[in-house]
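Before any questions on how it binds or moves, here is one chain, the form predicted alone, in structure tokens.
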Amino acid sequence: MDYKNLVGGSWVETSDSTPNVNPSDISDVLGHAARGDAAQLDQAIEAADRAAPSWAASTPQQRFDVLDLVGTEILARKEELGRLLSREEGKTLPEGIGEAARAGQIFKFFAGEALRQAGDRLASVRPGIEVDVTRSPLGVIGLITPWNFPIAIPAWKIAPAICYGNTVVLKPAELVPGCAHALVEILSRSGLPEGVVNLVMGRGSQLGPRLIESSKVKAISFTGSVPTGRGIAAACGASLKKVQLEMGGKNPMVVLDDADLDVAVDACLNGAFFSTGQRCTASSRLVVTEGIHDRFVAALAERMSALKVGNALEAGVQMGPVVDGRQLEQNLSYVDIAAEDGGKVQGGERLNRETEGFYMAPALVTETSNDMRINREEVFGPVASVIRVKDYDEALSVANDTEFGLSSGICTTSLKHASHFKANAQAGMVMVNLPTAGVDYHVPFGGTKGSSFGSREQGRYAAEFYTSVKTSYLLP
């Protein structure tokens, strides 16, 4: 299949393309994706700019109808879309179907938000004057999305953008063109006016700066790496463009002596290794107090070694492949670094399966300290390290000792420690007796420190980014 770009309501070809390769079976090429250039991106921006005034004036009912229709179709096709996702990204099929369903739920949620938009009418401090506070769309929004959630993340950016009356230009990751194309194809048949949603696939190094620098683009929402995010923040700051960044994580999961061992192992197994560890919310640092440390490590290592790693579409597989060869090599290099720095590694080797793919055994690194590279830098793979600590106070200190602050978790049966941790963990999201990965679509998502910048994503908090606040005064 050829995945074309959508510009101003028309599917357009390009002179260059890139293959969409299944990481579970590199002989399986799903299709070829258009590789747009700067000129095509400029055309998409122009189309979004032309469509912006009329879509900003659309009614709540029009927006509801579009978003609800899209959500309904995604949910009806979740098995088909989930299989596509698993083929091109490598999530297990149940995970792929679950992500597709989440995308549909996101559109359904923002369909409701389109009808629930409200403002404030306040009494002025001056007699006889009325004050109204309302929200207005920004205009053209540039969306830059990653490969690890190839349908959910575009959904949670596109849905609020059009819900609040904006138009968009989507630039997805090159590794996952199929999901982006499928989502935009559904949107193109939803009744949206031409130019409200545009898709331009291609090299990020070429298209990203062009999208950011355009004076017609009023805001950028980006999910991806920290270095790229910092560059985007600097570029947007120079032009005073609104920006929203979701970047990395080095998320701690604290396990206290009083934790339910089974609950703790389940939470850490899920958080560290499901989705092949390719989640910015993954539990990559396991901070364990000394009284439970040995029992916890033994139980987790046993469960980890029993995980079935294989083709994402195969029944019973619990962990699929790494997304591509480059990411696999990076993961393996971090395992080597951890061993060289004194960590004791279990697992973490490259695996061979019936089909040639990017398979890796999950890795557990014990006997580490928080100053080791394995505990400072994001790996973005199925690699978790264990840090032994004395007590809760040290655990909290170690958990917060990171430049990141996306998600933080604790396993404990102590209400005192759970409550204190929720209040004092330096993270945007805190989990108690739950994996650090795994969030709801109707509540805010985002972190602190180097993990996030700007307004929160998802839920009704998304309005903070996708709208501007207007205060109006009236003397009748």
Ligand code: NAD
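In this text, all values refer to a predicted model and were calculated from it rather than measured experimentally. Numbers for residues come from their place in the sequence shown, where the first is 1.
FYI, the form predicted together with nicotinamide-adenine-dinucleotide (NAD) isn't displayed, but the following is about it.
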Superimposing the pocket C-alphas so that nicotinamide-adenine-dinucleotide (NAD) sits as it does in the model of the complex, and applying the rule of 3 or more atoms within 2.4 angstroms of backbone or C-beta atoms, the verdict is open
Looking in the model of the complex, any heavy atom of residue 274 within 4.5 Å of nicotinamide-adenine-dinucleotide (NAD)? no
Tell me, yes or no, whether residue 188 is in contact with nicotinamide-adenine-dinucleotide (NAD) in the model of the complex, where a contact means a heavy atom of each within 4.5 Å. no
Residue-level question: is residue 246 within 4.5 Å of nicotinamide-adenine-dinucleotide (NAD) in the model of the complex, judged on heavy atoms? yes
Wondering, does residue 55 line up within 4.5 Å of nicotinamide-adenine-dinucleotide (NAD) in the model of the complex on heavy atoms? no
Sole residue of 296, 359, 147, 334 within 4.5 Å of nicotinamide-adenine-dinucleotide (NAD) in the model of the complex, by heavy atom: 147
Of 94, 119, 209, 112, the only residue with a heavy atom within 4.5 Å of nicotinamide-adenine-dinucleotide (NAD) in the model of the complex is 209
Please name which of the stretches 80 to 88, 337 to 345, 127 to 135, 216 to 224 has residues with heavy atoms lying within 4.5 Å of nicotinamide-adenine-dinucleotide (NAD) in the model of the complex. 216 to 224
For the heavy atom contacts within 4.5 Å of nicotinamide-adenine-dinucleotide (NAD) in the model of the complex, list the residues of 160 to 183 involved, in sequence order. 171, 172, 173, 174
